[in-house]
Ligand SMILES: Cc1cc2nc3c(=O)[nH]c(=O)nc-3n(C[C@H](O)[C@H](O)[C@H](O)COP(=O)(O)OP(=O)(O)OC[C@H]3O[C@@H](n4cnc5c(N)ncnc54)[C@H](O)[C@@H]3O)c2cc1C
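Single chain ahead, written as structure tokens, the form predicted on its own.
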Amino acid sequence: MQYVIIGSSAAGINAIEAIRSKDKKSKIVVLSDEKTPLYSRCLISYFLAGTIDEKKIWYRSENFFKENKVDTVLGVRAEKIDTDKKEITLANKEKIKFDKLLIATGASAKMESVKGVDKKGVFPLRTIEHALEMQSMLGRVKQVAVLGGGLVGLRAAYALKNRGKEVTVFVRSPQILSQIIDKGSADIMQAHIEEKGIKIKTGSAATEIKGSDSVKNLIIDNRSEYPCELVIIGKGVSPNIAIAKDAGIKTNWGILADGFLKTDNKDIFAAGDVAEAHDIALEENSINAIWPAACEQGRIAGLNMTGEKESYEGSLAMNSLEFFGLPVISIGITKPKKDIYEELIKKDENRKIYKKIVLRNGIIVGAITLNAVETIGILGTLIKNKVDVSAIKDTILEDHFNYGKIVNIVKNSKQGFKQKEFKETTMTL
């Protein structure tokens, strides 16, 4: 048996560990176009901010591959999968055979399609190489423009403000964090970030990046200029599906994976930011490009590659952020677009508190908690277990809501709670 894994971030690493937990002898080969894997992408912005050093960004030891008897081909892109020959062709023309394959190619940063985006001083923030390059030029940077007010863009802005730079964020849409939270909570967060000195321009877009060789100015909406020496593109990511699509593996937004994270080819699996798998709230396949989902998918895919039959229950869109001491957590559907959903909101602008739940047929399918994150664990559990909360929905957003309020519905839940702590609770009721 020869296992091959394309990609060596969260999904790939967890797959290796899962395979080795069941199969100590077979050969594992990891292919990655990155020369230095084994770092946490979640920590890149903290590394750029200077709040952690390079030692803390590595989440497995440098001997990880050796200790797990893994052969690696690093810094070389996998370009083609021949599903009939069960063979991968690399950019250097080397060919790698596989019996079982995991595609964990992740996602790439979306680049802004404006004139001048190829100038020196324009970066996405996706890899440790991007952070290192930016750090090397910070000494000659006074002003920074961030294009995009999503998770990556705001984390980059926060990091560079922490480095003492003047930062302005240009957001095409009417609100920041538009893929994660609703406008009510985004407005509170935006005001808080602006109080700390980061300028945010919503409804604004760059139309050109100017400079002879390096960045000098940004043209905004074809009518004003913003002088800057560094431009960060924070426009989100796109799943790297090309190699799968070219091989004839079924894709949509991502690589379609079933309840065992297998593709439509019985010997090929998908996991991580490239996999389109079951979403618990949406009740359909979706991509939840978050680190915990990648870890779990990698583990389950790895086990199933060895012949296990571990099912994947699905993931929830989840994001946990904090800017200048103001935390916000979102889970599941936060901006419903159909009238089948009910939204309950509680807001206290003076205390910078915003709480919201989204329900469908009495079941919570999404939540936002800003500056009041203590109950998010309970809400997440209610979502995952699809509990009908109709009887208590009017109390869920109250300050006194806690676990004691859901004891009876834990007991009466038809589906039951699978987590050990809830089983113990129901047994003692």
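On a predicted model such as this, the values are computed, not experimentally measured, just so you know. In case it trips you up, residue 1 is the first one in the sequence shown, and so on.
The protein also exists as the form predicted in complex with this ligand; that form is not presented, and the subsequent description refers to it.
**Trp291 within 4.5 Å of this ligand in the predicted complex, heavy atoms** = Yes - in the predicted complex, heavy atoms of Trp291 and this ligand come within 4.5 Å of each other.
**Prompt:** Looking in the predicted complex, any heavy atom of Val4 within 4.5 Å of this ligand?
**Reply:** Val4: no contact with this ligand in the predicted complex.
**Asked** Can Asn240 be called a contact residue for this ligand in the predicted complex at 4.5 Å between heavy atoms?
**Response** Within the cut-off, so yes.
**Message:** So, Ser32 and this ligand: in the predicted complex, are they within 4.5 Å at any heavy atom pair?
**Reply:** Ser32 belongs to the contact set for this ligand.
**Prompt:** Since the chain is shown here on its own, which stretch among 201-209, 254-262, 219-227, 147-155 would lie within 4.5 Å of this ligand in the predicted complex, judged by heavy atoms?
**Reply:** Stretch with heavy atoms near the partner: 147-155.
**Request:** Counting non-hydrogen atoms within 4.5 angstroms of this ligand in the predicted complex, say which of Leu344, Ile353, Val76, Met137 makes the cut.
**Result:** None of the other options qualify; the answer is Val76.
**Prompt:** Heavy atom within 4.5 Å of this ligand in the predicted complex: which of Val387, Ile44, Val365, Val70?
**Reply:** The option sitting close enough to the partner is Ile44.
**Heavy atom contacts to this ligand in the predicted complex at 4.5 Å, residues of 380-408 in sequence order** = Heavy-atom contacts within 4.5 Å come from no residue here.
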